[in-house]
Ligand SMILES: Nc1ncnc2c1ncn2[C@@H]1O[C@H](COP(=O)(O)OP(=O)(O)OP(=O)(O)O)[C@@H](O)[C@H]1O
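So this first bit is one chain, no partners, the form predicted on its own, shown in C-alpha cells.
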Amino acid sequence: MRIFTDYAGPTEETGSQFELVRTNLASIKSVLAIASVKGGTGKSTLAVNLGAALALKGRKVAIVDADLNAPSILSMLGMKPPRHLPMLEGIEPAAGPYGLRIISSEMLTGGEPPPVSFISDDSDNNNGATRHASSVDIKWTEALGRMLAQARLGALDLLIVDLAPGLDRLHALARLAPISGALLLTHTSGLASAAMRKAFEYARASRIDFVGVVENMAGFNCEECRSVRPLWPEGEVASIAAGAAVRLLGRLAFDPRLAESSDRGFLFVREHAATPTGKGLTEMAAQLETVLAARGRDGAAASTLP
C-alpha cells in the first residue's frame, strides 16, 4: 500500500489549486469530463475510442485516467506504465498510439503499482469512520488536482478526464478545473434510467452542464443477421434526455469485440471501424468536437462551486 502523502508536496487550498490547474491547462481548447452514475457502463472504453477517433483526424488529444485506484486507460491502449517522475517535478504524459497523451496514477509509482491509500493508518485508527471518509475525499481531490496542475500537457485540442463512477467525482473535478462540460454515459434499464434522472437534477443544483448523453448497449450488433437487435425497451434514455434539455449524442450497440479489443490493448475504433458500433463512435466523436467548439474554453461550467 502506498500513502498519497508519500509523493505529495505541500497541500494547497482548493481555490489556489484551481488557479494552478487553470494556468496549467490554459493551452487546452476544451476539457471534457466523462461521467456515469454507476460503474460498469463502459466509460473508459468510450474515453479511449472517442479520443482515438479524434486523434486519427489529426487532433491533439490527451486523456487523464481519474479513476485513481482502478486505472485502466494505459492497459486499454496496450501501454505499460512508463518510468515516472516525482509529482513535485511534474508529470510527463505517456505517449500513446496516434499521438494520444496519457496521464494515469499508474505513473506515480515504479513497476506494478500497489493500491493507493489517501489517508494514513494512524489517521484511520484515531479519527473514526466519518472523519476517515471525509479525509479520503479530500486527499482524492488533492491527488487529482496535483495531476492536473503538474501534468506537462502543452497545447491540446481536447483533454478527456475519465472519472471514477459517481457524481461526487464530477463535482470534485468541477471544483478543480475549468471543464467545458460533461458527457454522461448510461444504458437503458430501470435502475439506470432512475439514476440518469437524479444525475440531471444534481447537475442543475451544482451548476454542472452536460454536453450530451451516450446510451451504451443500445441493442446487440448481430453480424450474422446484419442488423442491430434490441436489448432493452427503446426510447427511455432519449425521452429523459429530452425532458432535461440534454442532447442524446449517440446510441452504441453492444458488440463483444469492443470489450475484447480493450482487453487486448487495441483500439476498436481503428480495428472495427466499419461496424455499426465503430461508425457510431466515429460519428459521436465528430459531433462532440462540433459541440465543444461552439461552447468555447470554459463551457457553461461554473468556475467556483459550493
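Position 1 is the first residue in the sequence shown; the rest follow in order. Only a predicted model underlies this, so the values are computations on that prediction, with no experimental measurement involved.
Although it is not shown, the form predicted in complex with this ligand is what the next lines describe.
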| query | finding |
| --- | --- |
| 4.5 Å heavy atom contact, L77 and this ligand in the model of the complex | no |
| is_contact(T41, this ligand) in the model of the complex, heavy atom dist at most 4.5 Å | yes |
| Non-hydrogen atom contact L156 with this ligand in the model of the complex at 4.5 angstroms | no |
| Proximity of A238 to this ligand in the model of the complex, heavy atoms at 4.5 Å | no |
| In the model of the complex, segment of 239-247, 51-59, 254-262, 23-31 with a heavy atom within 4.5 Å of this ligand | 254-262 |
| Heavy atom within 4.5 Å of this ligand in the model of the complex - residue from A195, A203, M217, I91 | M217 |
| Of P178, P97, P165, P82, the one that lies within 4.5 Å of this ligand in the model of the complex (heavy atoms) | P165 |
